[in-house]
Ligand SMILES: Nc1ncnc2c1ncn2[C@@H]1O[C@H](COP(=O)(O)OP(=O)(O)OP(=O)(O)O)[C@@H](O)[C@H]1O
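This document opens with one chain alone, in structure tokens, the form predicted on its own.
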Amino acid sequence: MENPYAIEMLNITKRFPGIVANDNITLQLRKGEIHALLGENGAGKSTLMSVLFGLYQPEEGVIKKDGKEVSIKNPNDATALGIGMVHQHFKLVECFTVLDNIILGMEPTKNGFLQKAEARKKIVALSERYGLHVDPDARIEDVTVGMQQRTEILKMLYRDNEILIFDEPTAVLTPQEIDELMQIMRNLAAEGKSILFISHKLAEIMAVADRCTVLRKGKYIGTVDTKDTTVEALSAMMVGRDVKFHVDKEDKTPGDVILKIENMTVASRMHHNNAVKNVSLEVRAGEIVCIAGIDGNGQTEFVYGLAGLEPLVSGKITLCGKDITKASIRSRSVSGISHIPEDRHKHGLVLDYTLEDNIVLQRYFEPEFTKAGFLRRKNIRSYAEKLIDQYDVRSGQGPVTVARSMSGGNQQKAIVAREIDRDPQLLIAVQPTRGLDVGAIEYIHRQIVAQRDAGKAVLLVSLEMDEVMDVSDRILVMYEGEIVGELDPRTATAEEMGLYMAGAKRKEQ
């Protein structure tokens, strides 16, 4: 009888300094199935997939492909075995084109010359066959995150990979792109490809996966058929307790205006037009105002202009009555703005610094942490330990862990801890729960609501429809750089919001 499994990872153990990332884990992937891997941040999911892709070597255990034991020493071995991986943080060369990224390492040559025309034909055929629409000549630095992800998927298909690993593939996508990706995965599985799909998003797992394996704190908890389980049962397996999916918050009457933006215009980096056009809004003490919209409609540039990362073309920003339009980033920060950025690697952390140094990045110059020009290391460490404990930031070596070595979700928790603990007047939270598990999302939402209840102003920028509807007090929809609608989350429907987000509906001016 033929072996039903495309891949078997049997009794895999992987250790790092101070932590057992994978503790005797067994995972079996059937041929032609979509198999989800679920677990909290730091549960060992990405580590297990990195072992399969040859990025790490396990201390114990064996890997079998089609019933035969194999040795995977590096990603080239994995590729030779038909295993491909789309990483959570894409491995693309930003100044290269889409085409160059796809063929990188497998360039077709003839007599020492590149044969790009042949490669282009294959890529165009693949993109049409699987509905992965890309512009082969666009540079990676100029395209959307969704297009970057399609490039990563085409990279795998170009190499004729049979086993496809998706690590948190929807963490950076819009709702529309997520639906497209789900359909692409179904098409791939229907063609006989076997897919391993790491996710925190239970609704997606229920929608697309055949089976789901759950890990918790590096240990194997169990494998279930998705048709025989519920979202609640999966979340309890994942975090070891029942999770609340709804945010509890009381109605509040907003206080004084904390942030006032008048006629803000910000230029686009990619095009010659303006990304943000003449936006005016107010955020009051004790309210959460959410900017909703499909990614790429000016939200990023709007936040950059507000945080001081980009100059304004025109307009005025007032914080607590003080004009900060031309203020530096640090003076905005000291004036009472905290910013949870969209891109945790680019603007949230210095990846090669320790966790404790990242936690005091915006406060190291305060008397508590500096004396006579020298850092007060003891104070920095005890402050970092307090936040690590309070926000359940999991890291192998505590405060001295290098930020780069932590899981994406725990990196995000560290940023949230740092920004909220600074006691700001205005908290700008951009995609604050991106890449987090349900337990962590529940906790972060509670923290944001607590800021509101303490009389702070919160400006939330989110692409997650559930988060927008659940957490905010007022919703402003941004489309092509303009505010096109203001909605009350208590009465608005997802359909109505979708129409505003797609530009099909605008508020009467």
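The shown structure was predicted, so the numbers you read here are calculated from the model rather than taken from an experiment. We number the residues from 1 along the sequence you see.
Not pictured, yet referred to below: the form predicted in complex with the named molecule.
Heavy atoms, 4.5 Å, the named molecule in the model of the complex: which of 371-379, 145-153, 394-402, 189-197 makes the cut? Say which one. Stretch with heavy atoms near the partner: 394-402.
Check for me: heavy atom within 4.5 Å of the named molecule in the model of the complex, for each of 16, 40 and 88, yes or no. Yes.
Answer with yes or no whether residue 360 is in contact with the named molecule in the model of the complex, where contact means some heavy atom within 4.5 Å. Looking in the model of the complex, residue contacts with the named molecule do not include residue 360, since no heavy atom lies within 4.5 Å.
So in the model of the complex, does residue 472 come within 4.5 Å of the named molecule, heavy atom to heavy atom? Contact with the named molecule, no.
Is the gap between residue 408 and the named molecule in the model of the complex 4.5 Å or less for some heavy atom pair? Yes, contact at 4.5 Å.
Are any of the heavy atoms in residue 287 no more than 4.5 Å from a heavy atom of the named molecule in the model of the complex? It does not: once the named molecule is placed as it appears in the model of the complex, residue 287 has no heavy atom within 4.5 Å of it.
Listed residue that, although the named molecule is not shown, lies within 4.5 Å of it in the model of the complex (heavy atoms), from 100, 204, 168, 310: Contact residue from the list: 168.
Heavy atom contacts to the named molecule in the model of the complex at 4.5 Å, residues of 35-64 in sequence order: Stretch hits, in order: 40, 41, 42, 43, 44, 45, 46, 47, 56.
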